[in-house]
Ligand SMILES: C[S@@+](CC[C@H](N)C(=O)[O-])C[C@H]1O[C@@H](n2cnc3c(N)ncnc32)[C@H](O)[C@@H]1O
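Single chain ahead, written as structure tokens, the form predicted on its own.
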Amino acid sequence: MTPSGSLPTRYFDGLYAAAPDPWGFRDRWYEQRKRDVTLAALPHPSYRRAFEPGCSIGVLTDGLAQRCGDLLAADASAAAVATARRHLAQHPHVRVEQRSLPDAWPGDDIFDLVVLSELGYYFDPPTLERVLDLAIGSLAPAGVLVACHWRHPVRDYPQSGDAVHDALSARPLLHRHVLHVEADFMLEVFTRGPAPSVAEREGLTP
């Protein structure tokens, strides 16, 4: 039976207590390839300010750090945050903080990039809507929101990855620029409001 509420922090604490890398971010080719696809889908070569909630141990964060001038990464798990800080110590422009969403969303900060990677289905539908409100509200004009989620059912999760992307697609302020769908995961890239494509920005189209 699918639980009705969002997953609590103690759920993730239990996963990290059992294994320091519960999803195999460092070892699985699936995860490495998905990171590469995610980073390749970013429509700009660099971003001034970015936020990655649910950063886990900071493996995707490492790739984002090479594209962002100032990057805030966060996770609800203290163990994940400690590991991510060690992993990202060579990036002085990256801050890793312990934050539980939606209540600890970073205030009135405005970001050029928000990355929701393998995060949305941990929230029940009403809480996800709050998280999306905050994410969209924190985007700069034409700011980029990236979402990537596992598509197979997981007994513990309050909703599916596809349901998360359905919720994103229903938001009128978001304009989709990338849709990548595989049997295993879905990746979408949106901007807040209309924005030119990569080719349009570079004068390659009329």
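Quick caveat: nothing in here was measured; it's all calculated off a predicted structure. In case it trips you up, residue 1 is the first one in the sequence shown, and so on.
As for the form predicted in complex with the ligand, it is not shown, yet the points below apply to it.
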Q.
If the criterion is a non-hydrogen atom within 4.5 angstroms, does every one of W23, S77 and Y122 touch the ligand in the model of the complex?
A. yes
* Would R99 show up as a contact with the ligand in the model of the complex if we use heavy atoms at 4.5 Å? -> yes
**Asked** With a 4.5 Å heavy atom cut-off, would you call F185 a contact of the ligand in the model of the complex?
**Response** no
request  = Report whether the minimum heavy atom distance between T83 and the ligand in the model of the complex is within 4.5 Å.
outcome  = no
Heavy atoms within 4.5 Å of the ligand in the model of the complex: does V146 have any? no
Partner contact check in the model of the complex: of 168-176, 134-142, 40-48, 23-31, the stretch with a heavy atom within 4.5 Å of the ligand is 23-31
